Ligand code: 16G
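In structure tokens, the next block holds one chain alone, the form predicted on its own.
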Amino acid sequence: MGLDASRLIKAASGFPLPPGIHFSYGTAGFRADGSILDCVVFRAGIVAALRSLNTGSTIGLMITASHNPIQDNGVKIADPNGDMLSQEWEPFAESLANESNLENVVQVVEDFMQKNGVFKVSASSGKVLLARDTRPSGGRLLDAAKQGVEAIAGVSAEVIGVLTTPQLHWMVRATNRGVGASEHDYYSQISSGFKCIVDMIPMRKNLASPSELVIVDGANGVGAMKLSGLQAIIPNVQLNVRNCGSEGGILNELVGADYVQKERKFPQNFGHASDLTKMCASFDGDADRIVFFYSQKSEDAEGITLRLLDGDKILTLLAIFIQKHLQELRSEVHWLSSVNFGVVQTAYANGASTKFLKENLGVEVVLTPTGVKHLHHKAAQYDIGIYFEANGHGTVLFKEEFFAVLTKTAPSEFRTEAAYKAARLLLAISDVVNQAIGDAFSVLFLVESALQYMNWTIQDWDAIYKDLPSRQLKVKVQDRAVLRTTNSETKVTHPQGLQSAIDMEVAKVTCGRAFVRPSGTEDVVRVYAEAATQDEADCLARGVAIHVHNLAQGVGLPP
């Protein structure tokens, strides 16, 4: 086989599996308290090394727990194109992470190698790029990952150091495409795309100032530290970065995109009267999520309230911006008339956003299960596909064939200047976005360039539609596996009768919608409800939660 079993066992013996704990491969890898992850991260290094041999490409491994508390950590694996590890490899990663017998560890690896055609490891060569965020446990875990990679003969580990998650994914993609893949190259690509869009802004009076201030909540994480690299080369935007972690702030504690989006509260050091109406953005801990917000006076004029623009609003803005230029191309260049454009959401998307996309923009909208890996895969099927979760994680994907056509088409082949300009704008957008994964940096500057181009304020953007009030709850259950849903997670298929009970509750409110889904990481059932008013949304969520609770307790459904 080529696997050096003694080498692997010797390396693995230094990373014993914690007793009594089962590690699950979630929507973005493994995640747990950082103090117990050494063994799991070591074995994730083995998986990344084998994936590199299997694909003949560079693979990435990131040590981060994203928006989780500072004591947690985790590991994500990036595939050759920069996206998440192939779902076909997830069961292998999970079984390897939970095998306590070292001899069996070798057997699990050998069986998987045999099945996937990874032969003669010692004669092969592979490479894994390793990085981490700013968590205290990151350095130790990065070393464990490095030892895991190097436990497989013929694979080298390159430690890049402290990066945002999107930076690592971008570098993996760039490396395998044979283009510049340094951190400087990353900054330069975003900057050049942003400048190109801004340079093509139509001349008009009362243009929104290109130096308008954007206040950024860095979540006391790696994003706050790394954003300076872009600030230095993009003069068109003034950034005021707060919660940088340098003044005693704690990673993700009362700060960050997840806190703002879930709690609908200002992060620390925000919400002052001096910030009123200014555009604000909040990253999460590893800077792969972003949400926007601004403050306005309360209706009673005695306080300040937060106006949130989440992933749904981001997706809608980008859909408007991209569709405008795509329509220009379709109307003027006949061989681009068949280009398909679509957006991908989950059931958690606010119903008002989906309705606006379908009815006002005429855009195709499809739903996938929760988890970026599902949305990314579906969006990649379009010539231009946009996906965002409400939590602010998403990006824009351009199919290679479409991108190649735009790149190679000479200016003389476009019938009008408007069509040529539209093609250049789409190419510039493809430079700003991170096509490997959601990226707070790229979305920040793409949103800013879109607003400048359309001469919109954040208030104009917010006004394109009004969110339906919603409420999310979770119900503890003994076994979440008893609840099964359709592929889009909008309907319950088992246990029988639960969907009818949900429909009954929905019928009691105006503009109601509700669904339930089992958590991917813990024994709880998540409940989502929305309605015309917040009171109705709250009542709907509670009513659905009661049905789930009764079933979990064996009480059954009401007659």
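Counting begins at 1, following the sequence as shown. Because the structure is a prediction, the values reported are computed rather than measured.
From this point on, the text means the form predicted in complex with this ligand, which you will not see here.
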Partner-contacting position among 84, 432, 314, 423 - heavy atom within 4.5 Å of this ligand in the predicted complex: 84
Contact residue in the predicted complex, chosen from 27, 533, 500, 35 - any heavy atom within 4.5 Å of this ligand: 27
Partner proximity in the predicted complex: residue 56 to this ligand, non-hydrogen atom cutoff 4.5 Å: no
Residue contact check: residue 519 to this ligand in the predicted complex, 4.5 Å heavy atom: yes
4.5 Å heavy atom contact, residue 135 and this ligand in the predicted complex: no
This ligand contact in the predicted complex: residue 389, any heavy atom under 4.5 Å: yes
Contact segment among 522-530, 491-499, 504-512, 36-44, judged by heavy atoms lying within 4.5 Å of this ligand in the predicted complex: 522-530
Contact set, 54-68 vs this ligand in the predicted complex - heavy atom within 4.5 angstroms: 67
